[in-house]
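Only one chain is shown below, in structure tokens, and it's the form predicted alone.
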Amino acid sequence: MAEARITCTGLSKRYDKLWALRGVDCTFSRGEVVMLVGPNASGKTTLIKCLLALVHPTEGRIHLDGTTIDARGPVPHPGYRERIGYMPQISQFPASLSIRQLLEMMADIRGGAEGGAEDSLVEELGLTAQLDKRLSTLSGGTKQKVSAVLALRMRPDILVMDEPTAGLDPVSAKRVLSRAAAVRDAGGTVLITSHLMEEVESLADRVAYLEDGHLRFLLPVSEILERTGVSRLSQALPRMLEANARPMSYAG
């Protein structure tokens, strides 16, 4: 069995009277890609924010690479995120900085000598000629490329990508997902949310389906396909849900 990197135990988060997560138990392992799927307001983003300590759990705990995030304990020091790459769905960049300045600033903050404005991904995504453009002038797709570079350039052990292909052209999307696969192949843990299942399903090892804050299942892609008798994950998940399937969570 693969070694666990992230373990959630009884993880719950409440905003006023609304429970965004309820009693989530799961384990994400080294060397795997997990797709987080579910309808809007299902708890996917809240789960990600809890992992990144952007919000604190109301109940339960998370063990993440030696760090514990506990509802009864203090918020962990931000330094634990140094080996986590995060690509949010919508990035907020300092408008007055250029791409080059942002990359250099983040390298200083992360304290790493790795990476730089000449990163291979910068070149692959066609950003080399735009390094001195202000971030406020960039299109949404170009900002998404910058976000991908920031998430990947420090060679993260854990990579969290929220709708990573949104706004990207097909070639750039393929290159970004290829880098995510490389993180997995190097023993990293990759969590991806996406509504464009066809683009990322070949990358996924397991699927976590959340609904109304509950983790309904966490299963290998091969098992989901076998249960439904179809060859595409984008077809298999609706069949499971339409049949009102409630498989047991698989967190190994």
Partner chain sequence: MLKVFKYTLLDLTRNRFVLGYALLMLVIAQGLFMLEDDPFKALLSLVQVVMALVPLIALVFTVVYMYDIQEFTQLLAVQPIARRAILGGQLLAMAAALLLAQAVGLGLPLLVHLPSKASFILSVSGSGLVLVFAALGALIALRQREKARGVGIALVVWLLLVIVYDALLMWGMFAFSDYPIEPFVVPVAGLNPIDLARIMVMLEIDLAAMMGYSGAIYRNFFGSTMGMVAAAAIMLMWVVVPTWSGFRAFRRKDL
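Positions refer to the first chain, counted from 1. Keep in mind it's a predicted model, so treat the numbers as computed, not measured.
Here the subject shifts to the form predicted together with its partner chain, a form of this protein not shown in this document.
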**Request:** Could you tell me which stretch in 164 to 172, 102 to 110, 123 to 131, 177 to 185 has residues with non-hydrogen atoms within 4.5 Å of its partner chain in the predicted bound form?
**Result:** 102 to 110
**Asked** Within a 4.5 Å heavy atom cut-off, is Leu150 in contact with its partner chain in the predicted bound form?
**Response** yes
**Request:** Flag Leu52 as yes or no: does it have a non-hydrogen atom within 4.5 angstroms of any non-hydrogen atom of its partner chain in the predicted bound form?
**Result:** yes
**Message:** Can you tell me whether Gly141 touches its partner chain? I mean in the predicted bound form, with a 4.5 angstroms heavy atom cut-off.
**Reply:** no
**Message:** Even though the partner isn't displayed, in the predicted bound form is Arg81 close enough to its partner chain, meaning a heavy atom within 4.5 Å?
**Reply:** yes
**Asked** Within 4.5 Å of its partner chain in the predicted bound form, do Val75, Tyr86 and Pro94 each have at least one heavy atom?
**Response** yes
